[in-house]
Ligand SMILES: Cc1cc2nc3c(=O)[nH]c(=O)nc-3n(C[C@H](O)[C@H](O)[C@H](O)COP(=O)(O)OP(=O)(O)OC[C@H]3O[C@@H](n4cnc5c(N)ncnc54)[C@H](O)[C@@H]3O)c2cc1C
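Single chain ahead, by itself, as structure tokens, in the form predicted on its own.
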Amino acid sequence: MKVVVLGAGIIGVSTAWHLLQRGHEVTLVDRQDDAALETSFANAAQISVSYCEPWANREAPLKALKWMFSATSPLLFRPQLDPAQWRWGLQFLGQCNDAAFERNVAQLVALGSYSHAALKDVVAQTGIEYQRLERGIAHYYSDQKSFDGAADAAAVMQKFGVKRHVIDRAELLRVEPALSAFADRIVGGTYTPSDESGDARVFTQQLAALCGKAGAQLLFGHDIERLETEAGEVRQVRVRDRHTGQASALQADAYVVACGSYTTPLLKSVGVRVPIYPGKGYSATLPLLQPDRAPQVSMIDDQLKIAMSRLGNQLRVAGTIELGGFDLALDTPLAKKRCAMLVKRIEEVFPGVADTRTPEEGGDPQFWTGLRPATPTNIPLIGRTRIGKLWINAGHGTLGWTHGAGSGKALAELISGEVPAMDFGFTGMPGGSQRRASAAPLASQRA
């Protein structure tokens, strides 16, 4: 089959790779001049199967309301005159109960486990190097009340086969001695040795290059202008070279939309509505001043809900969700406060380890922001749409790197007429690909 994949982040590139492995002819399109230059560029770097938890839980509404008045809150809802935002918000509230939380966790963990195995297979097959550290993920708590709830959260994950263990402060320091300077503020933590970390951009760009060597046509620097349909199916997709201005039409047997948050407007143009809304996240990448004192274990800071991962001689800190549309500004007062919060926390937890100076002070922090494409359930939409030949692979929220390899493999299997070996409900597939009902019951595909 000829397949056009729209979007070259971790999801689109993984989809292209697995389609090529099954003998399909693939064209990969992205508006940027290389793969992984948007949402996959500078994320938290964690492969966090053991922390595949949805944002929606019974405590989320009250926390979100309280956090609305803090510029540095983990989740910031910025009301817009946008019906899509309010629809998404109401659907999100509908998921804020224990039954929905556990149901959604089951789906996220199933995809996470499948994806982690798929990633390991790709790495073994290709030898891609991407600052990978297989040291697990540690989640530390500085508040006793929050830590008291860690056992319940771990028990939910253990129910679905995840080995997430509650540990005391002494054990946490044995797992990661680099936390010693912050030890007096830590009350305990959890640890999952099976998780890992690595640079998603480096991995994705190398895999895209291998796709090109395997015969894929790489159309980078091409804007996706529109999908054109006829008789209920996609007839072609119009693209335009950003550098030459030359327009062209791509025709194929299948079209995959993997455009992250921009999936929503593209699909809406052909009458397919999906509840994917952008969640703006931030990261800072800092040079290490004392590599021997830097962490080797990727970590989650419970108080600020941020992640920290070592990438060679740099330290990446990332987090926060800002629901305010397609804003990518880094120079606004709000954005500057959120970036400064990330750097300040690094200095508090690992004093003197990384260069946390501002540019004015002679430092060189690499700040970044990206739009995480989130569904209200946090379960991504993987499968076919109601439009003939049109498929979707989007809505991965903060778990794009964790779920990327498996999402690409699963969709390639579906397009090839296979049934992925996991208990997951695929969008638009009869019986949820013969396993479960829809993975995203909130995904409306009505005109």
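None of these values were measured; they are calculated from a predicted model. Heads up: residue numbers just count along the shown sequence, starting at 1.
Same protein, other form: the form predicted together with the ligand, not shown, and the subject of what follows.
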With the ligand left out of view, choose which of Ala405, Leu381, Leu28, Ala45 has a non-hydrogen atom within 4.5 angstroms of it in the predicted bound form. Ala45
Here the chain appears without its partner; judged in the predicted bound form, the stretch of 278 to 286, 79 to 87, 121 to 129, 359 to 367 with heavy atoms within 4.5 Å of the ligand is 278 to 286
Consider Gly400 of the chain shown here, and say whether it contacts the ligand in the predicted bound form, taking contact as heavy atoms within 4.5 Å. yes
Non-hydrogen atom contact Ile11 with the ligand in the predicted bound form at 4.5 angstroms: yes
Is there a heavy atom of His396 lying 4.5 Å or less from a heavy atom of the ligand in the predicted bound form? yes
So, Asp184 and the ligand: in the predicted bound form, are they within 4.5 Å at any heavy atom pair? no
Whether Cys259, Tyr262 and Ala318 jointly form a contact site for the ligand in the predicted bound form is the question; each needs a heavy atom within 4.5 Å. yes
